[in-house]
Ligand code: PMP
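First, one chain by itself in structure tokens, the form predicted alone.
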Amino acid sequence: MIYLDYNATTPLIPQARRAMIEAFDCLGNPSSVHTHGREARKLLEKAREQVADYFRLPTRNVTFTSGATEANNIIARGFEGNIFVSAVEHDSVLNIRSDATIIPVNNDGLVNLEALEELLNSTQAPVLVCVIAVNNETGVIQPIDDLLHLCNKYKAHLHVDAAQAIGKIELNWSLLSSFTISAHKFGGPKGIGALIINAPLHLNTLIKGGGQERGLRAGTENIIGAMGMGAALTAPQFNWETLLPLQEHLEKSLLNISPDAIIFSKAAQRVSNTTAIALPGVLSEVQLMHFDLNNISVSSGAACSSGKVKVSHVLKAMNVEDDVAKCALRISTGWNTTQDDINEFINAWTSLLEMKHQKDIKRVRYA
């Protein structure tokens, strides 16, 4: 099988696996005061320090969560005040507050800075602006520095979903009011993430209970996951820019084979591992079946829910017509991706196109 779905989840790196194996032998609860509890607390705080050191921030800023989805919920639900959310946010931000004001984006999926400034100028504080750093579907990089400038000008807080950004782009982490990460996006385990808060935000607690994580997130901490995440961040980092030649070869080849194909946000600044493309006339689910039958794992450009492919809200916000959005596919690469993998994808794409031309596409189905 060829794996081209790194934006969904990445392979567990050896350093994270070893750290997790070490943590499996930890007996105590980190909230217990006895020796076993103190040993557990030591491991948890070691992981917290590793996360904090990666971002060059104090350990007190790091709150462990089950992932970026929970961390985004803590911020979006807990913030007391007005909230502005970009139209291309992950559902864990976009669908949380019914009173959220939507910030429009242009056809490349970039936040409309003029529209945001108008909103900020006409709204009383406190205001929280939520913008995803790197879009999970298109790979578009948002102008975080410009957003910071606007938020500072109008004394608003900026929250950034950084799940897809770690290792791929440089950000001024300490200048963000808050940001969220998920370990499984950068070689760590699934089910662990963090909310990092730099500014004095007044938040209502989402999960109440024993008062763990300084009262911000109750529940016994996932020590095994935290150790895996900390190890993934302290391990030698993969240079995602080395994937740029593969991205260029992939996109050039696909457009040469099918000139009517559409690469979304091609003119915008994107990360080097993500290509969102549509083959008009071939539905996303048909493409997914075809590539899976050819032992290639990719995703549609839309979020999946209960195994069903939905029309992407990201593409809708970018004014992509439904007929095109329904044909979207996302190819996302990573450290195990090779030139041969890309060539195999191109070959499978070619055979898909031949089937389309032969009008046999409706007969593609799982064996």
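Numbers for residues come from their place in the sequence shown, where the first is 1. Here the structure is a predicted model, which means the values were calculated and not measured.
The same protein also has a form predicted in complex with the ligand, omitted here; what follows describes it.
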- request: Could you tell me which stretch in 23-31, 48-56, 337-345, 61-69 has residues with non-hydrogen atoms within 4.5 Å of the ligand in the predicted complex?
  value: 61-69
message: Taking the ligand as it sits in the predicted complex, is T275 in contact with it (heavy atom to heavy atom, 4.5 Å or less)?
response: no
task: Mark N222 yes when one of its heavy atoms lies within 4.5 Å of a heavy atom of the ligand in the predicted complex, and no otherwise.
output: no
field: Residue contact check: I132 to the ligand in the predicted complex, 4.5 Å heavy atom
entry: yes
Contact of L128 with the ligand in the predicted complex (heavy atom, 4.5 Å): no
- request: Answer with one of S86, N136, S265, Q142: the residue that has a non-hydrogen atom within 4.5 Å of the ligand in the predicted complex.
  value: N136
query: Pick from I196, L176, A163, L243: which has a non-hydrogen atom within 4.5 Å of the ligand in the predicted complex?
result: A163
query: Would S300, H313 and K316 all count as contacting the ligand in the predicted complex, using a 4.5 Å heavy atom cut-off?
result: no
field: Residues in 176-202 with any heavy atom within 4.5 Å of the ligand in the predicted complex
entry: S182, H184, K185
